[in-house]
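Heads up, the chain below is alone and in the form predicted alone; it's given as structure tokens.
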């Protein structure tokens, strides 16, 4: 027997927990982070239960009516469920990783404040973080264009507050940048949704197939692409990413990577599945833009000395590997693009959080001032290399499996022509990923240990509460890399219908 309103619970429980922490913050105190982590563990268990049912062939649907005009539907199928589950696992891991990290971050920024004020900021972080997690799951399960738009835009508010309260360099300006770019991207999606309603009289995603063949379908798709390309930091709409992702609190940078990547899911759900034939005109232009972004993002990452900025610039290029797959418009390439999206957010959560650990322990962001840290931080070094392996796509990693499936689909679509050149160049661009991730590993962890670092007894691997969540993410990535069939079966049950 299925738990009542199980999909709704995955969204509402984090929100209720956030309100509970807010209202009881003086009594809850430092336990706020633990409470947030437990709430996300609970929703992860719920999603696992749903996942078992979906893998057995069920489609879980819930509908809610609020008043005479507002309907709210949730749908868990082979596409939305695995994405929601991976995202929720990452959010859970980052919540526990944040426990010690945010204690230090609050002390650094608000060290002159009294204990009560510092505690208030600490609890505020976890309240806002839970709202971010809830909005992600809402995007995955929503069945209505306006509801998806609202969840996407609701993310902008907690991100703005989290960056302005807890960010790094020029955090207030960066928070405004995040807010404005987010609103602009969302406005394109909203305008497109209104045009959809003008054509078919509904915002329901299940009705979008009625647009197929309509001359307005191309213009609606163009607007949605523009809005989501801003979210995905596709060149030349990428300018916000190095600042926002690089200067956010490191735990939130991992969530911002999900925020940028989840647009790939929205493209598949809202555009590719219902309007497949109408999108063929966009195929080559999307792949060209994606390839340019991959190369540009990699070169930008290679130019960085700041460890956090390197991870942020990496995100620009890595997202567009998925976009190449979506642009090719074959079943294999689309499934590979979505698979790689999930692999990327796992790998980037590890890499970004490891960068945060280095900054947490050493207080240094410039890689020129690092070196030899593997002697004092072997676990952290191993985690960075694991993240690099996933993002580069080393064989047996989930990144390799994702790129293999993705480019198999691209080659299947284009045996000769511009598309084939794009596919070959995309594969070669993987070398650039290896260059900036492993070169950074050499600069941070290998070579001679700087004397001031060698003599600092505080420099060592962080508490297990920070490293174990990342190890769990690494294990999950390895498992889905070695055994991709269950995940691919789920994706194929929906995308294969094309």
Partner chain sequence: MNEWIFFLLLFLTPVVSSVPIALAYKSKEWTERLPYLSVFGIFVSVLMSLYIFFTMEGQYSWPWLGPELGINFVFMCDYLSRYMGVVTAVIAFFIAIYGLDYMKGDYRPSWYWFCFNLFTASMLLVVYSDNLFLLFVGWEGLGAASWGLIGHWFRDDDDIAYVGKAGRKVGPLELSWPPSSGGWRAISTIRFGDVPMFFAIAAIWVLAGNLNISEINWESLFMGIGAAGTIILMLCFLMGLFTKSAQVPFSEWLMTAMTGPTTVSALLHSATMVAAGAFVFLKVTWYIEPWNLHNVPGLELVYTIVLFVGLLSGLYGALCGSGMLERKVLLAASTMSSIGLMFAAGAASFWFHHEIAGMNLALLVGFWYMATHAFAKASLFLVAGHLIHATHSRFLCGGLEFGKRIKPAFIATIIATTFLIGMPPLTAYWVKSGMDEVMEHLYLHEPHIVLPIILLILTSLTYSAIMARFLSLNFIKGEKPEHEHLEGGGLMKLGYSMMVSVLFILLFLIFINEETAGFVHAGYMSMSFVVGVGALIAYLVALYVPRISIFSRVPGTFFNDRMYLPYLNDYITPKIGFFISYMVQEFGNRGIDAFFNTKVIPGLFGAISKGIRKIQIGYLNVYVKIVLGFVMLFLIIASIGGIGL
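What you see is a predicted model, and the numbers here were worked out from it, not measured in a lab. Residue numbers count along the first chain shown, from 1.
In what follows, reference is made to the form predicted together with the partner chain, a form of this protein that is not presented.
The three marked residues, 63, 192 and 226, fail to reach the partner chain in the predicted complex, with no heavy atom of any inside 4.5 Å. Contact check for residue 434: a heavy atom falls within 4.5 Å of the partner chain in the predicted complex. Heavy atoms of residue 300 reach within 4.5 Å of the partner chain in the predicted complex, making it an interface residue. Within 4.5 Å of some heavy atom of the partner chain in the predicted complex lies at least one heavy atom of residue 442. Interface residue remark: residue 475 is not counted as part of the site for the partner chain in the predicted complex, having no heavy atom within 4.5 Å. Of the residues given (392, 143, 261, 362), 392 alone sits with a heavy atom within 4.5 Å of the partner chain in the predicted complex. Taking a 4.5 Å heavy atom cutoff to the partner chain in the predicted complex, the contact residue among 183, 427, 154, 273 is 427. With the partner left out here, the partner chain still marks one of 466 to 474, 446 to 454, 38 to 46, 22 to 30 in the predicted complex; by a 4.5 Å heavy atom cut-off that stretch is 446 to 454. Along 465 to 498, these residues reach a heavy atom to within 4.5 Å of the partner chain in the predicted complex: 482, 483, 484, 485.
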